[in-house]
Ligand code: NDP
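Single chain ahead, by itself, as structure tokens, in the form predicted on its own.
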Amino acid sequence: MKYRRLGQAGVQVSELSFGAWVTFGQQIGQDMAERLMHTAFDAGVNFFDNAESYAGGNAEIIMGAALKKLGWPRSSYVLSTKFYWGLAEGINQKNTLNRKYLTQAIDPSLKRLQLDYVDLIFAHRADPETPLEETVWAMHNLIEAGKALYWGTSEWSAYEIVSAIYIAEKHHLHKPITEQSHYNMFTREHVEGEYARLFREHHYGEVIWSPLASGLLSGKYNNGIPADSRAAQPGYEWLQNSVLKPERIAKVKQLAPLARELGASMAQLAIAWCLKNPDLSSVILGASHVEQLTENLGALEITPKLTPEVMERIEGVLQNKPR
């Protein structure tokens, strides 16, 4: 395992990390979560990602219980959670980043995680209804209160991120250090296009989720939708329309021979391709069983095989490189 800095911050995270989205509290329970986290940690993973809204708060509960049972030193791992969507209906309780919500959300989250602080808070989405300066100050205050060490953004526009940085610098506040974005072979515009100047001029960090395009790039949807797959889960029907497109499946089938030539699975090839991007701080993996996670971690051995020539062959299939 190699480690990369989160943007300009001194903290280093494993280039492959492990997240709770979809799986914790939905596809897997406590025992499997502990096994997966143990497997990841033994492989060198030190960054674990969660969110207040995952499984209605249950993902944080499961991860918190796992951390307590595993007994790792608090200094040995970096943990993130996210706020925006909320867990309750009502004004100031959902879809906001105002000071009231952020101040009230952090303590219940820490209680679920059984931690005194989180290393990193992500603003899960941008909030057009709250003045950006209010959000920046609120995040700064949470850090100053010792409830978090850093904060970042998730799915914000480059303009919003730069504006937050400028506000923080103007008032000498803790500024956001990293973005968390959707990125994979089929979703490239934000990371490779819109954020290019952000990375170059502000050295902003980037943590990415869904490197396998919700499983599409693993090849498991090449011949239909398996009953135990994410696309078959209640509430994820949107995947069938927005992700499982025939033209994308055709490209996965075209890439399969190249993966075999490299001695890799399609999943390993897709993850290794993400790791070749030097602007990324970490690639978040998700898994519902140990064998799946072990396979995905094997992408570390494939990355060195992705020579410029191989990358060009991949581009020849994808044909979607942002200008």
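Because the structure is predicted, anything quoted here is derived from the model rather than measured. Just count from 1 along the sequence shown to find any residue number.
Unshown form predicted together with the ligand; subsequent notes refer to it.
Visitor: With the ligand left out here, work out from 127-135, 212-220, 185-193, 107-115 which stretch has heavy atoms within 4.5 Å of it in the predicted complex.
Guide: Answer to the contact question: 212-220.
Visitor: Would you confirm whether the three residues Gly19, Gln27 and Asp49 all fall within 4.5 Å of the ligand in the predicted complex, going by non-hydrogen atoms?
Guide: Each of the three qualifies.
Visitor: Which residue, Leu280, Ala272, Ile284, Ala264, has a heavy atom that falls within 4.5 Å of the ligand in the predicted complex?
Guide: None of the other options qualify; the answer is Ile284.
Visitor: Is Gln180 close enough to touch the ligand in the predicted complex, meaning at least one heavy atom pair within 4.5 Å?
Guide: The answer is yes: Gln180 has a heavy atom within 4.5 Å of the ligand.
Visitor: Against the ligand in the predicted complex, would Thr96 count as a contact residue? Criterion: heavy atoms within 4.5 Å.
Guide: So Thr96 does not count as contacting the ligand.
Visitor: Is there a heavy atom of Ser288 no more than 4.5 Å from a heavy atom of the ligand in the predicted complex?
Guide: Contact check for Ser288: yes, within 4.5 Å of the ligand in the predicted complex.
Visitor: State yes or no: in the predicted complex, is some non-hydrogen atom of Asn58 no more than 4.5 angstroms from a non-hydrogen atom of the ligand?
Guide: Result no; Asn58 lies far from the ligand in the predicted complex.
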